[in-house]
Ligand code: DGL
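Below you will find one chain, with nothing else, as C-alpha cells; this is the form predicted on its own, and questions on how it binds or moves follow later.
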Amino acid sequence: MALLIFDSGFGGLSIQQAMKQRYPELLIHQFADHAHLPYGTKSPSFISHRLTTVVPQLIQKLEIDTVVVACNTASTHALSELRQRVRQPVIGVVPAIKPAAQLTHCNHIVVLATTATVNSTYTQQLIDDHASSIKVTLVAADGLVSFAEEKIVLGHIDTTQLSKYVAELIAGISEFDTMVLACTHFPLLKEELSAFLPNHIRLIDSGDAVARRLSDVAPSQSSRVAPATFISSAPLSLTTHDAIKRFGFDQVELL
C-alpha cells in the first residue's frame, strides 16, 4: 500500500514519523505545498481548491491507495470536498481537543493553532462536543510554523526567540495543565517547548491517533516496493534535500 501525506510544509513529517513507528514497512510519500505556505492565513476556498487540484494529480503520479491530509487547517476546511473528488480513503487531522479535555485536572486547556483553525467553525464544534464542561483557550500561533520549518532546514532553531514568542502567546492566560499542538508543524518543536514550559503541562498532538486511524480505513499493509518520495511545490536547497532524506525518503522532487 502506498500512502500520501499532504501538508502545507514540513509539518506532515510529524505524522510521517508516527506512521513509520506504527507501520515500519509502509510506503509513505509526502507532498509539501511550500509555494503557498502557510495555510493558516489562507482562505478556505483557496485551501479547498489546492487540495482538490493537487491531490488527484499525486494519486495518479504515485499510485496512491490512501491519503492523509496532515494539516489541521486544510482538514477543517477541505476534507468533505476532497472525499467527494477521489475514491481513495482520506484521513484528516483535527485538533486533539477530545483527549486533552479528558486529561486535564484543572479543567483548562490551551489550544495552539493557526489563525484559520482558531476561527474555524469545526474547531468550535469540537469544543462544543468534547470540551463544553471545561475552559478552552484558543491561541493563534502562526509564527510557530516558521520556527518548525527553520528547524528542519537548519537542524536547529533560536530557542531564546522561540521561548520569548511562546511566553508572549500565553502571557495572561490563567492556570492550565494541558496544551494542544493543533498544527502538525508544532510537534516538530515538542522537545524545545517541553524544555521551557512548566513540567506539569502536557503537550498533546494528533500523530498517534492518525496512525491508529489508518488501520481502520486501510487494514492491509504491504512492504515497500517503490522509492519513498518527498515532493515540494517550491524549489528546495540541497541542504534541505539532505535534511528531508534523514527522515527516510529516498528522493526529493519538485512538482
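In case it trips you up, residue 1 is the first one in the sequence shown, and so on. For clarity, every value in this text was computed on a predicted model and none was experimentally measured.
Form predicted together with D-glutamic acid: not shown, discussed below.
Note on contacts: among Leu58, Leu26, Ala211, Leu37, the single residue with a heavy atom within 4.5 Å of D-glutamic acid in the predicted complex is Leu37. Interface residue remark: Met179 is not counted as part of the site for D-glutamic acid in the predicted complex, having no heavy atom within 4.5 Å.
Using a 4.5 Å cutoff between non-hydrogen atoms, Val145 counts as a contact of D-glutamic acid in the predicted complex. With D-glutamic acid left out of view, the stretch that reaches within 4.5 Å of it through heavy atoms in the predicted complex is, among 201-209, 182-190, 58-66, 226-234, 182-190.
Applying a 4.5 Å heavy atom cutoff to D-glutamic acid in the predicted complex picks out no residue from 50-66.
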